[in-house]
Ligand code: 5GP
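Given as structure tokens, the chain that follows is alone and in the form predicted on its own.
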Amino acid sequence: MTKNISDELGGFIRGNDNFLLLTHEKPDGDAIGSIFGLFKILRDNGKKADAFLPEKLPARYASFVPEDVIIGKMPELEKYSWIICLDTSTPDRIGVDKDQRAKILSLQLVNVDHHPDNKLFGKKNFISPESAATAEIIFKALKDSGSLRISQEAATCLLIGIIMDTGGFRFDNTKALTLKAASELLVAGADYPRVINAMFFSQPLNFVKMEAELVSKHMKTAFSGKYAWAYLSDELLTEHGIEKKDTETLIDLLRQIQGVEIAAVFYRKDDGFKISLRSKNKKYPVAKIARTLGGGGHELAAGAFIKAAEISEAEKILQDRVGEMLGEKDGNPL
């Protein structure tokens, strides 16, 4: 993160008041940690602030929701001086109803994010692609400001954001500054054991059984095992009593398999299929694939949507693009 971005964001927050905080639809750990962490810091330092989420969160985050977070019903936008949108790369991903997005874009919107393909849709844009997480950007900016207190609860929330977007410091977006920020959050009182237990060591038995079935019965591979994917059908989720919002880390189950370079999980959505893509090799930047399908994200962690009537059609479309990236076709080198 450049010092300029940190200084400017910290100065903006110190010098203004009356904020509404938003993040992207189907928020992940960084989105949740960022919005809760910033919300607590603003409230704890006497500023007017609300945080809005369109629906209840995945179960692993439920115990971290601060008091007074607004869930479900959007407050009146006109009563806020500034809207801060966190961890959201494009305006069509803002976690509000579609008819509210255009209105939000016409207001005093601040865009804070770390995605390299951010569309710079805010009146003010604080974008730091070199940061591992949006939570890292927020912490650096507010810590350096020197005048805003960061409570234990706020530090714990920001730590969630950093831990989840680095995969528990396993992914290669983990830099020295990332670890330094995490260390400083621990000094500020962040509850590391609580975060780790909730994020990684508290899976319900029905979820573990679903994971086992997904790998043993529904996972497919191609290109000599370099590509692995699975279709997470609504039927499978219903059978095991799992909500789709609780499947954030599922794709890592495929990525961790030895020999797999690119992993994908398909989900049914509207008239097609949402896909999550992961790579563990910089030679294969899956964001490039996602962009050809109208999506985007980080180079090694991206997503897109494929309009298709049947899962087999969507699988074939993605497999062809993965094969091009791997330099193979139908299992044979190009």
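Treat the numbers as computed from the prediction; the structure is a model and nothing was measured. Residue indices: 1-based, along the sequence shown.
The same protein also has a form predicted together with the named molecule, omitted here; what follows describes it.
Of the residues I41, A51, A304, L57, just one reaches the named molecule in the model of the complex with a heavy atom at 4.5 Å or closer; this is A304. This chain lacks the partner; the member of Q100, Q108, T90, S233 within 4.5 angstroms of the named molecule in the model of the complex by a non-hydrogen atom is T90. Contact between K226 and the named molecule in the model of the complex is not found at the 4.5 Å heavy atom cutoff. Using a 4.5 angstroms threshold between heavy atoms, K140 stays clear of the named molecule in the model of the complex.
This chain is displayed without the named molecule, yet in the model of the complex the stretch 82-90 from 82-90, 147-155, 123-131, 179-187 comes within 4.5 Å of it by heavy atoms.
In the model of the complex, K274, S276 are the residues of 257-276 with at least one heavy atom within 4.5 Å of the named molecule, listed from first to last.
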